[in-house]
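Subsequent text provides structure tokens for two forms of one protein chain, presented individually as structure 1 and structure 2.
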Structure 1
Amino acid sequence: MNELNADDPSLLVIALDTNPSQSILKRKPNLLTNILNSISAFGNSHLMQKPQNKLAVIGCHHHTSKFLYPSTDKSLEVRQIDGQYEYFTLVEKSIKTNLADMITNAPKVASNNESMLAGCLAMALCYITRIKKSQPPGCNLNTRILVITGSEDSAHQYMTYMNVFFTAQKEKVVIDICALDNTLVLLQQGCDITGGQYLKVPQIEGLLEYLLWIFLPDPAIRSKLALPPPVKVDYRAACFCHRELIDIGFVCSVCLSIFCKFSPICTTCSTVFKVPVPLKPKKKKIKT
């Protein structure tokens, strides 16, 4: 497979976490509007770099993930606003209209639900694969995913995350992470595995500036820029029984599931293990 080339067009897929259960959205309910404006400006800046560049935005909620752009709704009426290019207006209007529709139709839940972020990343990889196959022969396409989220780590989605990370690594898809509120250990691992950039935004008010500075340049030219140093990645695994990060655990020899305590039966693949029996110490013979 060809290496990344800065002259090749780029496909950027933005995975936006819109779950209202995020603590940062609870503290600042109006923050989502500012985030959408920043993402629209950032996406249009990506399209403006090269005429062949492509963009997709996926909204991730607590019940589903949906494409916000490109939109499947052909009835969107686009008019020029204050001299803005119609294509850029379409991007901004599609994102806001489809997100409003997804939030309005979201089922109400009594408790806080996790964002379906791992499934959203899998959807992004499927879309990237489809776009790659539709390219004419000899056309190389740089592909990357940018995750923007204020949620916490979800150990319940550990296996899905790992499958996505190693698939992205195999397909040369770079995963960038923009954390708005919490330090994300699992996503740091995916960022390191795929060669992406991780950033925990110091000030949410300057989100657009951080997006343009850190994530707008293609990965092929990032080594020539003065970017923040890479963070130290915590590669601890999450156990399958309690979904907590552990330092030492037990691994199933068949399906590689990880447990924090020994279990005679693997709860993932139902493999039965022999229970280790402690050996009795041998009695020393007394010399006469």
Structure 2
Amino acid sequence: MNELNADDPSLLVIALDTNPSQSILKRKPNLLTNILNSISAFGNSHLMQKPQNKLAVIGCHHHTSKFLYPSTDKSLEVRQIDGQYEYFTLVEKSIKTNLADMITNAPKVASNNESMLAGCLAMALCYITRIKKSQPPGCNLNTRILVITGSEDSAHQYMTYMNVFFTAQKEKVVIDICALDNTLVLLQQGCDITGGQYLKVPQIEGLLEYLLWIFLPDPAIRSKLALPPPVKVDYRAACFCHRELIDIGFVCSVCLSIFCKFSPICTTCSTVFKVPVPLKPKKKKIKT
């Protein structure tokens, strides 16, 4: 099942960064409402594509991450109020109610807490695994995660991000990134590893348009549409001593930390290194 089949239903998990410490939200606090409306509309448009498509939305706040849709604690009974399809109304209502709950019950923001997006992605992967397992035999499900965030790159979460990206690659989950404010180099690597799309939104007012044009098509049909080309990612490593990108470096065999120059002791794992000695030419054994 290596090729993506366009006829299979698709599960989309939207990981939304709602952390109030994001600079974009600090500048314009009302922007969150607009973003939320765009996301609800986008989520519903995903459900419109195929009858068996599934949706999940996770909100990543400064103190924890929680599922906004589907609701875990209580279920909402929603009846049609206007011409909108009942199911879509349920989705919108759930997202808004659960987010309001999460915000009101959140502890006070201490200092600039960064969003724990990597953990939120890990949670999405657990959910995806569970849904995939519960499919009846013979049914395939295409899965993807869309991350919408205005935060900056977080170096603290490098390891978690890497674990998440490799797991996603293994489980064939595509990760798309929609950056609202800053360029996200680390998350770009994730797009590259899993085969997803990266987009930095030029104008936040047109968020829904960008989402519909770039992120709505499933990975299976993306090759049939003209979409922005993949971003070239620079995979060089930075040395631990000078924080510079290096072409050739020395790697400790025990803890895999990278140095630009030879030093007798590894600073991270405190191993003493043997000074390299040129190999003595060994006598060749003649075999009979």
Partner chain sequence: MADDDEIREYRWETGYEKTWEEIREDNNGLISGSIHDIIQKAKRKRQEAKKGSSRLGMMRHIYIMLDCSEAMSIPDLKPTRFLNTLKMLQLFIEEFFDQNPISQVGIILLKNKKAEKITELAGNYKNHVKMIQSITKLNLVGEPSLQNGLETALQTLRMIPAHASREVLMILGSLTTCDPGDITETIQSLKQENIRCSVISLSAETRIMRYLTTQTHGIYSAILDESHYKDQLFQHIEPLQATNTQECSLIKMGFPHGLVQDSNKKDVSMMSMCMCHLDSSEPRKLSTTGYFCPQCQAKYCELPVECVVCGLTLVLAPHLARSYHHLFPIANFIEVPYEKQSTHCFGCQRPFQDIDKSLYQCPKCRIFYCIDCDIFIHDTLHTCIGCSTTPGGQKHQIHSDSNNYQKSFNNSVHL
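All residue numbers here refer to structure 1's sequence, counted from 1. Definition used throughout: the rigid core is the maximal C-alpha set that superposes within 1.5 Å between two forms. All values reported here derive from a predicted model rather than from experimental measurement.
Of the two forms shown, structure 2 is the one predicted in complex with its partner chain. Annotation: Cα of Ser257 displaced by at least 2 Å between structures 1 and 2, core superposition. The smaller of the two rigid parts turns by 29° against the larger between structures 1 and 2, as judged from C-alpha superpositions.
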